[in-house]
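What follows is a single chain, given as structure tokens, in the form predicted alone.
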């Protein structure tokens, strides 16, 4: 059993999960397209996710080449924490107070910066 007296989290966004208690499987997914354009953007038209290959690419699970065998001795069956502070959880992140058998989180992020000609050659 996990006991937490106080938890403060500033933000939780983009398919992230805050789970209190045990779960069997958690699979958060997030496709994020961030566009920064000088002068601002009035519409998201023209920035559909489908036109960027990263969002159509199928990801295959990483091969687990190493088997780690461990032995644990828990002197107390409970975990007690007085206070937890979290600045932020984003893009398929998981915060869980409890146990879980399997977590498979995927986050695909494409960041586009559109600068005017005046900024060419500058390091921004």
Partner chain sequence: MHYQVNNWNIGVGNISILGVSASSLFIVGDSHEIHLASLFDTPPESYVVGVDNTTRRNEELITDVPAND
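Numbering follows the first chain given and starts at 1. Being a predicted model, the structure only gives us computed values, none of them experimental.
From this point on, the text means the form predicted in complex with its partner chain, which you will not see here.
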*Contact test in the predicted bound form: residue 39 vs its partner chain, heavy atoms, 4.5 Å*: no
*Is residue 114 close enough to touch its partner chain in the predicted bound form, meaning at least one heavy atom pair within 4.5 Å?*
yes
_Touches its partner chain in the predicted bound form: residue 20 (any heavy atom, 4.5 Å)_ = no
_So, residue 49 and its partner chain: in the predicted bound form, are they within 4.5 Å at any heavy atom pair?_
no
*Though the partner is not shown here, which residues of 66-88 have a heavy atom within 4.5 Å of its partner chain in the predicted bound form?*
66, 67, 68, 69, 70, 71, 72, 73, 74, 75, 76, 78, 79, 80, 81, 82, 83, 84, 85, 86, 87, 88
